[in-house]
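What follows is one chain in structure tokens, specifically the form predicted alone.
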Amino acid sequence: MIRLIQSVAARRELLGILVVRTLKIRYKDSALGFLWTMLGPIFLILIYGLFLRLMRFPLSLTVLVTGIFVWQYLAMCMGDAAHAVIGNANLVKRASFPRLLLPLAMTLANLVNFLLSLVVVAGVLVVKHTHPGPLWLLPVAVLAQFVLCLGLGCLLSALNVFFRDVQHVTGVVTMAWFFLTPVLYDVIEMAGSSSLAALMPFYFLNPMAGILALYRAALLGQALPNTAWLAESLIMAGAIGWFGITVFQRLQARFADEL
């Protein structure tokens, strides 16, 4: 792993070029460009907000906004992962470089989008007079989600080289994962329910449950869940990151033959 980090660091200029290229391709020939990064989640907030209001579901706007924007980072990475390698087939066949740069550039490009979109979240929090919690939790949450997204990006991009059905399955998995993650509901309230408390240790095996709890603790001042549950989510995020990178490294030697 240390050698891999050193190899990537030695080609940081190429990584920067790939990140910029990914950002440019995403908004090529688009009149609104980067604004779509904000408009997409805003439309989702309006749709889900209206639905939840009609269903008389008790969820505050700030909880909904943080959930949607945080989830979008993961969803964009999973959506882009399938093409991270096969979309750069000519580069893979002709150039010698750490193939890990491809999913890493995709994950970093989406991270840039996500961090810039937090301007919208900050604006909502200011308008709603929300008092933030310990802001040092914010970089912890971002780092944990980045590791998770990188691992998933590596895993999905590698598998899609050999099994092109992966890109279609990913959409279904992402949708199911969305409803299993506390995006549209408050996990702290769930944990306080006597009927659900026994299920929480299993629920927090979902890494996004703990990561989203960290974001809301930092941005909204919510209480953190049980330390053991939170640790489960963070360990799962790290494990998925490590597993995805390991699988990618073992399969990368066969990429050129399959593309």
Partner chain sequence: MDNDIAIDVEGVSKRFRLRHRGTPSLKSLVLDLFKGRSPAQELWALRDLTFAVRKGRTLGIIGANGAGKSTLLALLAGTMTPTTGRIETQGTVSSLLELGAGFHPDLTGRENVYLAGAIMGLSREQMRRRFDDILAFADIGRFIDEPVKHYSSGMYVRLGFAVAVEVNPDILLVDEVLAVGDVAFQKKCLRRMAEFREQRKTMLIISHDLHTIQSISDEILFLDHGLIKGMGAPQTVIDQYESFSLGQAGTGLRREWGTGEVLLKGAAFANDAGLATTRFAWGDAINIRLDYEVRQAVGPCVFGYAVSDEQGRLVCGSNTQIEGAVVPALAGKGTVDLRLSQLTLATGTYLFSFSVHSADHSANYHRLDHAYAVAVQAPRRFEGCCYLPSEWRFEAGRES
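Please read all numbers here as calculations on a predicted model, not as lab measurements. Residue numbers count along the first chain shown, from 1.
Another form, the form predicted together with the partner chain, is not on view; read the next lines as being about it.
Taking non-hydrogen atoms only, residue 14 approaches the partner chain to within 4.5 angstroms in the model of the complex.
Put simply, residue 91 is close to the partner chain in the model of the complex: some heavy atom of it is within 4.5 Å. By the criterion of a heavy atom within 4.5 Å, residue 8 is excluded from the residues contacting the partner chain in the model of the complex.
A residue is said to contact a partner when one of its heavy atoms sits within 4.5 Å of a partner heavy atom; residue 250 fails this definition for the partner chain in the model of the complex, lying far away. Heavy atoms within 4.5 Å of the partner chain in the model of the complex map, among the stretches 144 to 152, 92 to 100, 68 to 76, 130 to 138, onto 92 to 100 alone. Residues 253, 256, 257, 258 are the ones in 220 to 258 with at least one heavy atom within 4.5 Å of the partner chain in the model of the complex, listed in sequence order.
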